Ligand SMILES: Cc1ncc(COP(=O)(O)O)c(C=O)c1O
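Here we start with a single chain on its own, the form predicted alone, put down as C-alpha cells.
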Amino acid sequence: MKFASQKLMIPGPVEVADDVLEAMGSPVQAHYGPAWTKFYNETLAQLKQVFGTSGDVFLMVGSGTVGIDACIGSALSTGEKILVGRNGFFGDRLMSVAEGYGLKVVPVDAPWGQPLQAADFEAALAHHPDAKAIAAVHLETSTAIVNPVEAIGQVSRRHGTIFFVDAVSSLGGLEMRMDDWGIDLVASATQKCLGAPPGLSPVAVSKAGWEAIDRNPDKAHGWYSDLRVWRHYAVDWGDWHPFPVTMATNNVMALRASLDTLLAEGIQQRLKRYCDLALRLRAGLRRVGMPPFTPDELMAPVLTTAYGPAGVPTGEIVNYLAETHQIKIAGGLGALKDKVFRIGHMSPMVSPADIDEVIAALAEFNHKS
C-alpha cells in the first residue's frame, strides 16, 4: 500500500531530511563486530552532547515509552513512593507507568495549560519525606507547556530524591543540561526533535541514577527494560556487541545522519531557529483569529497549541488541512479534544515557508467556515 504524501506538522513523527532517509535505506548492517560497535559508540557520544551529560547513554529499540518504562522500573521497587507531575495527558501516562510497577504515586498537579511548580514538589516532599523519586514531563505535548525541570531538579537534589525526566518531545529542540540540572534519568525518542524515523528511545543515566538502580538488586521488574541488563552488555560485551538485543542498525544510521547535521549546525543555533519559527507561527495564528492556547511567555519552541474559531470543533480544522492541503496537524487530547489543535514544528526540516503555508491554509478554512 502506498500512502499519499502529506506535510507532517504533528508532534511526531516528523519529516526527515533526505540524507536521513538515505541512511535509513542503506544496506542492512550486522549489529555486532568492531566496525559496527565503533559507529554505535560514536553515535552515543553525540547523544551525550545533546543530553548534556557525561553519564551513560543507551539506545533502546522501541518507542519513547520503552525508555520511560525502563527508567522508572529500573530505579524504583514495588511499594516505593514517587511524586509525579501531572498537567496534561503525558503526565497522566507517567502515573500509569509508575502504577504498573506497583509504585505508590503522589500526584503533583497543575491545571492543563499551566506549568508545574517547583514549590509544589517542595511542599509534597514535606508531606511525603519517604518519597524516593520525582518524575516530570519536560514538554507536555497535549498542551505545549514546557515544565521547569531545572527548578524541579534543584528541589530533587536538595532532598536527595531520584529525578526522572520524560524528554520524548523535547530532546534536541529545547535546552537540556542533564548533569547541571540534577537530572538522574532521561528518556527520549528519535522521531521528534532529533529528526529521525521512529524506532529508538535514547536513555541517559547519571552516576546518581545508577546508585538508585543498584541499591535494590531484587526489583523483579523484567529483563528487557532493566537498565542493569543494558549496562552489563555495554561493559562485558562492549568490544563487539554492546547491547542485549538485535540493534535496529538502519535506525541508528538514520539517527547518526540527523545528529551529524544537528551538531554541525550547533545546538544553540538549532534552538534559536526553532524559537524564531514558533514566534512566526504564533503571530500568524493571531492574524487569522486562532490565538495560541498559551501566552508567549510560556511558548514551546517546537510545538504550538491553538484555539479554533468559536463554535467550531477543531477536528474539522484538522480534517480540512489534511484533505484539502495535505498538511497533517493534530487535534486536542483528553480534556482538550475538539477544543484546540496542535501544530508541530519540531522537525529540523521545517522552514518559514512551511509556517506560512499552514497559516494560509488556516486562513482559508476560516474564510470558508
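Don't overthink the numbering: it's just position in the shown sequence, from 1. Quantities reported herein were computed from a predicted structural model and do not represent experimental measurements.
Although not depicted, the form predicted together with this ligand is the subject of the following passage.
- A heavy atom within 4.5 Å of this ligand in the predicted complex is found for exactly one of 74, 143, 147, 169: 169.
- Between the options 29, 41, 63, 319, the residue in contact with this ligand in the predicted complex by a heavy atom within 4.5 angstroms is 63.
- Checking 29-37, 43-51, 63-71, 323-331 against this ligand in the predicted complex, the stretch whose residues place heavy atoms within 4.5 Å of it is 63-71.
- Of the heavy atoms in residue 152, none are within 4.5 Å of this ligand in the predicted complex.
- Within 4.5 Å of any heavy atom of this ligand in the predicted complex lies no heavy atom of residue 156.
- Taking non-hydrogen atoms only, residue 139 approaches this ligand to within 4.5 angstroms in the predicted complex.
- Taking the partner from elsewhere, residue 243 is found to have every heavy atom lying beyond 4.5 Å of this ligand in the predicted complex.
- Candidate site formed by 176, 270 and 274: none of these residues places a non-hydrogen atom within 4.5 angstroms of this ligand in the predicted complex.
- The partner is not shown here, but in the predicted complex the stretch 167-194 reaches within 4.5 angstroms of this ligand through a heavy atom at 168, 169, 189, 191, 192.
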